[in-house]
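Next comes just one chain, in structure tokens: the form predicted alone.
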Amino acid sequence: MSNLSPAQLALPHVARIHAYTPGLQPAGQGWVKLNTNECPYPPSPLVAEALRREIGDDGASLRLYPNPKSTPLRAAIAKLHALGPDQVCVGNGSDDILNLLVRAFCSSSAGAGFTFPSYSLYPVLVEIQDGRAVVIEFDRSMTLPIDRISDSSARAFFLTSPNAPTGVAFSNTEIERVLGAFPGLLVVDEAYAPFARENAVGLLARHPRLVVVRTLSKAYALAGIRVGYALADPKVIGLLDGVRDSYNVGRLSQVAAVAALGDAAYYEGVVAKVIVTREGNLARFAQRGWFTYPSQANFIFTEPKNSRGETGPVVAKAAYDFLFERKVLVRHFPHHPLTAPFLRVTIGTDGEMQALQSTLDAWVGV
């Protein structure tokens, strides 16, 4: 035993894990950063004020542990959604919530299902758990495969709506059809719901096997703070609290999130600006003749077409490289036939989006 390396001492499944690959965070100045779906606008001014008050002149509050259950934040989230605090669990970003759900409901015998394409963290969390993944692939139409989900062997199924990376949203009618036929836990991951026309929160009252997951990283401009939450039946929340790490959300994160949730008018303005910019750029891609999914998120998934009218993975990579060389950063997912011909573009400010479109004009003219 003493001659074994640390890698040999690790659990066998750990060596097989393919770690999550986050979007590039470039060093240096001058980048137009449209690759990680961050909010292009700052958070509410109330956030900075609340953080200054909490830290104080000497930072003495930081010596104390945070509220272990994020109780004031749970109350604020419950009020926002007209639910009870016992229907809320708060995490260190929605990734933490997703991890808790996999921890509670997934194993080698209890599969965790998800669609492809969708959030690429799902399979990583299943691998960490040494669980069984149940993958259901979309075709190019992005029609929700309700029957295949319902007939799957998954114990819990993760559905991203609006979908990432396409931005396609699924209606509550479709989600209820899944809930009516799928016998397991349905997790609707609504990271981008504030930018969509509909969300599933209203379905919670009728469906105890539904979990809605939200984040404050996108519409609330708090990606650096790391706060997410689950909305669910109190019995599900109790299970998540049973596997949740102690003090899983930091003191400053809790304070910042409560302040943000208290400024609804500010964030309504932010979301409205993002949607206007999104719709303008969807129209611009339509003018180019590029196939683009009808996004209800804060990003666009578009299929570049070069000056010869060609599309495909090679064309998308050429467009990505051209943009990158000019410090315009978008996202390319080259490892699957469905996603490889596309680029995902975060909605930035109007100025950033104009820089993107002007650079694409130059690329098409090459």
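The model shown is predicted, which means the values in this text are computed figures rather than measured ones. Each residue number is its position in the shown sequence, starting from 1.
Below, we refer to the form predicted together with another copy of the chain, which is not included among the displayed structures.
- Interface residue remark: Pro6 is counted as part of the site for another copy of the chain in the predicted complex, having a heavy atom within 4.5 Å.
- In the predicted complex, none of the heavy atoms of Glu303 sits within 4.5 Å of a heavy atom of another copy of the chain.
- Taking the partner from the other structure, another copy of the chain in the predicted complex has a heavy atom within 4.5 Å of a heavy atom of Pro66.
- Using a 4.5 Å cutoff between non-hydrogen atoms, Arg251 counts as a contact of another copy of the chain in the predicted complex.
- Listed residues Ala223, Ala286, Ala75, Ala133 were compared with another copy of the chain in the predicted complex; Ala223 is the one with a heavy atom within 4.5 Å.
- Residue Pro208 is the only one of Pro145, Pro208, Gly202, Pro294 with a heavy atom lying within 4.5 Å of another copy of the chain in the predicted complex.
- Although another copy of the chain is omitted here, in the predicted complex none of Arg214, Val258 and Leu360 has a heavy atom within 4.5 Å of it.
- Residues of just one listed stretch (66-74, 318-326, 304-312, 332-340) have heavy atoms within 4.5 Å of another copy of the chain in the predicted complex: 66-74.
- Residues Pro183, Gly184, Leu185 of 171-196 are found to place at least one heavy atom within 4.5 Å of another copy of the chain in the predicted complex.
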